[in-house]
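Consider the single chain below, provided in structure tokens and representing the form predicted on its own.
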């Protein structure tokens, strides 16, 4: 889709205009056609246009120069990123029911603290282009965007370029997440990552097989894949345009399907366990975005990919394995497998002498129980890194909520039979999972994002969200 800066000479049949419930008079600034304005003012006086959150009125007439979709955003002081993006997305879906090729979007009166409305809007339009079945659902071909006069042409063009790169990466993550698990296995993820290398010459991709992982003594990661006929893969995606600069390392959990192993999950909604590779998918999407926008920073993505299946050779509860770090682990629950693949990937990532390590994982149902579907859980051993992640979450709307890592939680991982066990007690499961990972990152500035509640939607809107690609891209862009 093409995005063009709106000029006063542009005449379009359809225009998107946002209105506030408590600032209805502001619609005057957005309506250029005097005839249309007269009728819209009349509709406002008759309370046919209310500006209430989520409302949508359409002023249509062949007598007018243009037709207007008036989108209600509620009270101006209460507008948030989430509300704006939700209702912009909603109106895009409605517009796609009409055969409209071009439209204007008025952003001149939309201000949300620290949020780039232009960038967010372009990303929302591009998200609407995605459909897993590749059906044509978007008739729009061009959007003319009205922005404040103080935004220069260069600033507009730069924002457009960056926004498209982020949106493309986000949609890649969604596509990987939505791919059925009989197709999206560890080998598939590795192959899709290698495709990026052909599309972007500034990316280098390396894939380690199980033989190479055994040589590296990744006993924890390999314990997860041993019950499956699908071999595990460790994928390394390098984007390093700068010499002698510490990289940011992004580590993603890539469990392409999670049955729970011998600790078998209940059958309802087990099909959604294809999304257990969403951490890895978000890393692939972020690396693609970095390459597409030619980011001036070094970033390395690591995907820990395996399939967790029950079989006669699968890992049993009570087994003890040795991780790459040398730490021994008693496996009490084979459904707590994400931490087992991540711990070896985190140890491996240290070889790059990273500035920061961030891991993303659909790690625990406990995080979903505790925080719901809205923020991702955030854990870190470094307060400065925590604040940087929170800042990126705030400006992108890809929200996080920090949870503690008190020493008490580490005590729950003690066992008589190994250095640590892979689960804690009944309560605080998201925290004990993060505490487990923290044992492998003691000498690093590290953060963990539990995206179990945010990586996909269920119900009628079932599908991958691509989170936290927006957060990650902002983080790597702003921490050079």
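Residue numbers count along the first chain shown, from 1. This is a predicted model, so every value here is computed, not measured.
The form predicted together with a small molecule is left out here; the points below concern that form.
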With the small molecule left out here, work out from 336 to 344, 234 to 242, 144 to 152, 290 to 298 which stretch has heavy atoms within 4.5 Å of it in the predicted bound form.
336 to 344
Among 101, 317, 365, 404, which has at least one heavy atom within 4.5 Å of the small molecule in the predicted bound form?
365
Considering non-hydrogen atoms and a 4.5 Å limit, which listed residue (373, 75, 195, 265) is close to the small molecule in the predicted bound form?
265
In the predicted bound form, does each of 358, 474 and 476 have a heavy atom within 4.5 Å of the small molecule?
no
Do residue 258 and the small molecule come within 4.5 Å of each other in the predicted bound form, heavy atoms counted?
yes
Test of understanding: in the predicted bound form, would residue 20 fall inside 4.5 Å of the small molecule by heavy atoms?
no
How about residue 273: is it within 4.5 Å of the small molecule in the predicted bound form, going by heavy atoms?
yes
With a cut-off of 4.5 Å between heavy atoms, is residue 452 one of the residues that contacts the small molecule in the predicted bound form?
yes
